[in-house]
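Encoded as structure tokens, the following chain is the form predicted on its own, with no partner shown.
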């Protein structure tokens, strides 16, 4: 446990990447939307909140290359590295989700910043209870981080050409899926299914996908060189 805690502390010494930069990016997006909202006389529902979630995927990709060889070279076990990194993103995701809920409350209390700007309260994602809102924020961040982490692990295990090969296979699989959906005229059913998914069903589906990313990245890093 002390080794895992050490990995967490090592990650969090980079406060800029893990704690500050996502909020700087989100704050910049918010400032731009406030300026726009103050110049027009109508309600705005923006997707700027997505920036902090997308950043989680970026840090997931980058963290493997930046920290994996460094920590392994200092004697950290691959299992401890993986558990420590997982604990780090879990802590960051919990804190970030709580902060987003608090800022979302302030947004509602100020009548959407007095200019009708819906930035932290996004239709569909924030329509449920506080618990469901926390869960969806948390699981989106975890999902995107481990998606990026899995990409970084693939690169670490098989290199650039191997990663390109994985993307080519995925691209071909999606192409075939789109073709078959079009050929059998199933797009209507697909869209009806997507529209009918509740936010909690979406979160639970992302949980399953996240576990797939977790298993894949752990398996790859166990055999990857430092």
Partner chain sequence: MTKIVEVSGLSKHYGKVKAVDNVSFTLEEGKIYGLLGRNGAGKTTIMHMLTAQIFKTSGELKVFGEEPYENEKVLNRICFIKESQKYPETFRVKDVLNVSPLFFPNWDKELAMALVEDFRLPLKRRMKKLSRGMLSAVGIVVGLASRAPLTIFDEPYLGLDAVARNLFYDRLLQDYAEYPRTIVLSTHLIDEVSQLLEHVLVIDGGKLLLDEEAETLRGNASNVVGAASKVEDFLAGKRIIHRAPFGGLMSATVLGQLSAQERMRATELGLEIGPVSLQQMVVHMTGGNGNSEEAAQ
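Positions refer to the first chain, counted from 1. Just so we're clear, the structure is a prediction, and the values are computed from it rather than from any experiment.
From this point on, the text means the form predicted in complex with its partner chain, which you will not see here.
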Note: its partner chain not shown here; in the predicted complex, the stretch from 116 to 124, 97 to 105, 77 to 85, 134 to 142 having heavy atoms within 4.5 Å of it is 77 to 85
Residue within 4.5 Å of its partner chain in the predicted complex by heavy atom, from 198, 66, 28, 181, is 66
Would residue 10 sit within 4.5 Å of its partner chain in the predicted complex, counting heavy atoms only? yes
Taking any heavy atom pair closer than or equal to 4.5 Å as contact, tell me whether residue 151 reaches its partner chain in the predicted complex.
no
Margin query: When the contact criterion is heavy atoms within 4.5 Å, does residue 147 count as touching its partner chain in the predicted complex?
Written below: no
Next on the checklist: My question is simply whether residue 70 lines the interface with its partner chain in the predicted complex - judged by any non-hydrogen atom within 4.5 Å.
Outcome noted: yes
